[in-house]
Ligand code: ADP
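Given next, in structure tokens, is a single chain: the form predicted on its own.
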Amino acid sequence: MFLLDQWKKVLNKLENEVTAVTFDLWINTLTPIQYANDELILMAPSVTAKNQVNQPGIFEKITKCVRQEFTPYTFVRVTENQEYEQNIRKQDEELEKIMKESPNLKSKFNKKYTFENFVVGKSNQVVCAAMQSVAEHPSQKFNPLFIYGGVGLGKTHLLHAVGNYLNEHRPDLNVLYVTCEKFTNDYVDSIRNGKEKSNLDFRDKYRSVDVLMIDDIQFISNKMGIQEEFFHTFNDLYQNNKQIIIASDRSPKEMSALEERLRSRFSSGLIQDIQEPDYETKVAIIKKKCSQEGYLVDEDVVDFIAQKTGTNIREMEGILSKVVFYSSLLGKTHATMEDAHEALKDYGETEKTNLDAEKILNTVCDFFKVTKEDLIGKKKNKEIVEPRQLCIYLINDMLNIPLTAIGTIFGGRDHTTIMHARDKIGNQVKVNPHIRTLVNDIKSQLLKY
């Protein structure tokens, strides 16, 4: 809010310093994206716009007005999207190089993700208590600890909370947090290099830690070579009494392409799910976010967002930010219901208007990592049948298409087969949290604003 408010003041000053054409075409298109260490970074929409505002006469006026509203020593830098992304990519590559050269370097954790900032409700109180217990007594309580739940329910927040707690209270421990994708890429790189040192560096990185946290472990399914390596990594850490924490979007028994020996090891410790937040928890999360970010919103706006949104907490926080941003553009100090209705008038509707069966098919295929040919084909193995039935349910639920037409989409199946798939998933959504989470996650992807 500070950055946005200060930039609006700068714009008010600049409007009187330059011509209307210059202001409208170039200056008003700038977006403040970062302010740190007395440096303000402005994003221009194109290289042309960047070059225009960097002209001596214009840039000097921008700098002058910025220093009046920020600090007298503020340095202004104008970049554009491609250049900014290249810089970020370069920074990531440099960090990656450091990580490879120093395998035991501590992981970096998001400082906002702490136990104090995690909103505890009925849906997550058990898993939060388990994570706190492991953070306070690594390798002594639950090892391994396996947590699972749908997208946006707080798994990554809790992993970072453990990391932040250990870095503060047990700086002697080597704590490593990686995604399953990162673990996979590191392993593939060690093989591709074909050098004994590369393999040793990989094993040293992952087997010399005191606490290993792996996020999104479900992506290890169907990757036999990666499962083999993770099996040995797991065993080495476990036998040396090192803490292992694993996060997934599903429980081990629901990971059908997982080797039985890994499933057995994942299940040897504590397995705990994060359930969908209820209304009261969602309200508490929104209020916590407002407190952290300094947002001022009316009470009925909090209620409106909690009721309007699904179970994805990240999505809910994004909607809150959108409402507050819209309110600030109107020069208001707090967001009202009028602002919320206006900011969210197209929420979920624009994408739904353009939604068709093809988009749902492709989204389900991407979500489950299956091919379209298999989805609409005749295969009857569980890895294909469940996604197929979910897809049928979603098409029927979200589109006004007759059952016979859906049957045609799925290789000429008759309407009774389509009806069976629809009703089966419809009933499971009511009683099976896993299926309900899958449906909500896919819908969130289809209807994201």
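Only a predicted model underlies this, so the values are computations on that prediction, with no experimental measurement involved. The first residue of the sequence shown is number 1, and the count goes up from there.
The same protein also exists as the form predicted in complex with ligand ADP; that form is not shown, yet it is the one meant from here on.
Engineer: With the partner absent here, would W26, I62 and R67 each sit within 4.5 Å of ligand ADP in the predicted complex, counting heavy atoms only?
Structural biologist: No, because W26, I62 and R67 lack any heavy atom that approaches ligand ADP to within 4.5 Å in the predicted complex.
Engineer: Among 68 to 76, 361 to 369, 299 to 307, 149 to 157, which stretch has residues with heavy atoms no more than 4.5 Å from ligand ADP in the predicted complex?
Structural biologist: Single hit among the candidates: 149 to 157.
Engineer: Under a 4.5 Å heavy atom criterion, is S190 part of the interface with ligand ADP in the predicted complex?
Structural biologist: Result no; S190 lies far from ligand ADP in the predicted complex.
Engineer: N124 versus ligand ADP, in the predicted complex: is there a non-hydrogen atom within 4.5 Å?
Structural biologist: Yes, N124 is a contact residue.
Engineer: Would you check, heavy atoms only and a 4.5 Å threshold, whether F109 touches ligand ADP in the predicted complex?
Structural biologist: Close contact is absent here: in the predicted complex, F109 is far from ligand ADP, nothing within 4.5 Å, heavy atoms only.
Engineer: With the partner left out of view, is I285 within 4.5 angstroms of ligand ADP in the predicted complex by any non-hydrogen atom?
Structural biologist: Looking in the predicted complex, residue contacts with ligand ADP include I285, since a heavy atom lies within 4.5 Å.
Engineer: Among M213, V324, I220, I313, which has at least one heavy atom within 4.5 Å of ligand ADP in the predicted complex?
Structural biologist: By the 4.5 Å heavy-atom cutoff, the listed residue in contact is I313.
Engineer: Just one of M337, I226, V119, L262 has a heavy atom within 4.5 Å of ligand ADP in the predicted complex. Which one?
Structural biologist: Of M337, I226, V119, L262, the residue with a heavy atom within 4.5 Å of ligand ADP in the predicted complex is V119.
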